[in-house]
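Next up is one chain by itself, shown in structure tokens, the form predicted alone.
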Amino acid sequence: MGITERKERERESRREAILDAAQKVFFEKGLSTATVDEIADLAELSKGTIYLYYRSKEDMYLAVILRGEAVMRNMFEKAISTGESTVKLILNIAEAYYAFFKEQRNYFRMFSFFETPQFHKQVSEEMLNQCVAADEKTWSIVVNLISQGVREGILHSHIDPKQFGIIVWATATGIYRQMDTNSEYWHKVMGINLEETLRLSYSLLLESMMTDTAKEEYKGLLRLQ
């Protein structure tokens, strides 16, 4: 191994060590209360060294989000690799997103960063571009699958795959956030099981986009489980 290659590997190893420390701090404290000093202490590096690798605390936060995005994308890719019908694959992705929410709760909570504009000012253009590229990869899985359903005549031809993807994502994410923060209220006060509500939303949304012929063929899948 040459000197240049060895130095590059050492640099990447240090970058990952910094990110490991940042992830631990962000999971415990969130973005607002976490400090670069805490991350530097945990990584056993100087604050100045941290800034050689990441321009801001927000850039580190987004770098951790990219890890979560990769985990979720891998779960989506696995969900559509089963060789089942397109309708079942759409349901598989929905279930994969739910599994991600349950198993990777800290990553899920971090995704709300993009809805908090006051934090965006410190994000570098380079990191923002990386996030956009990663997001496009994940969205392409969903959009391509919906487009496939349209081509097969299973889904209505007037459906815009991107629009419908947003509708499904926004609906599921909204319910997950209630599960995360207000589950006891909905269960004890309102008498609502949010998991059942989630599955009802899946079936209603999918049925609304399916052709009549497909509804008959896949009526077993549309029933709540």
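Please read all numbers here as calculations on a predicted model, not as lab measurements. Just count from 1 along the sequence shown to find any residue number.
Just so it is clear, the following notes concern the form predicted together with the DNA, a form of the same protein that is not shown.
Between the options 45, 70, 192, 167, which residue brings a heavy atom to within 4.5 Å of the DNA in the predicted complex?
The residue from 45, 70, 192, 167 that makes the contact is 45.
Just one of 61-69, 171-179, 48-56, 156-164 has heavy atoms within 4.5 Å of the DNA in the predicted complex; which?
This holds for exactly one stretch, 48-56.
Is there any non-hydrogen atom of residue 14 lying within 4.5 Å of the DNA in the predicted complex?
Residue 14 belongs to the contact set for the DNA.
Just checking whether residue 198 would be counted as a contact of the DNA in the predicted complex - the rule being heavy atoms within 4.5 angstroms.
No, no contact at 4.5 Å.
Taking any heavy atom pair closer than or equal to 4.5 Å as contact, tell me whether residue 37 reaches the DNA in the predicted complex.
It does: once the DNA is placed as it appears in the predicted complex, residue 37 has a heavy atom within 4.5 Å of it.
Please check if residue 7 has a heavy atom lying within 4.5 Å of any heavy atom of the DNA in the predicted complex.
The answer is yes: residue 7 has a heavy atom within 4.5 Å of the DNA.
Need the contact residues for 97-117: heavy atom within 4.5 Å of the DNA in the predicted complex, sequence order, or none if there are none.
Sequence-ordered list is empty.
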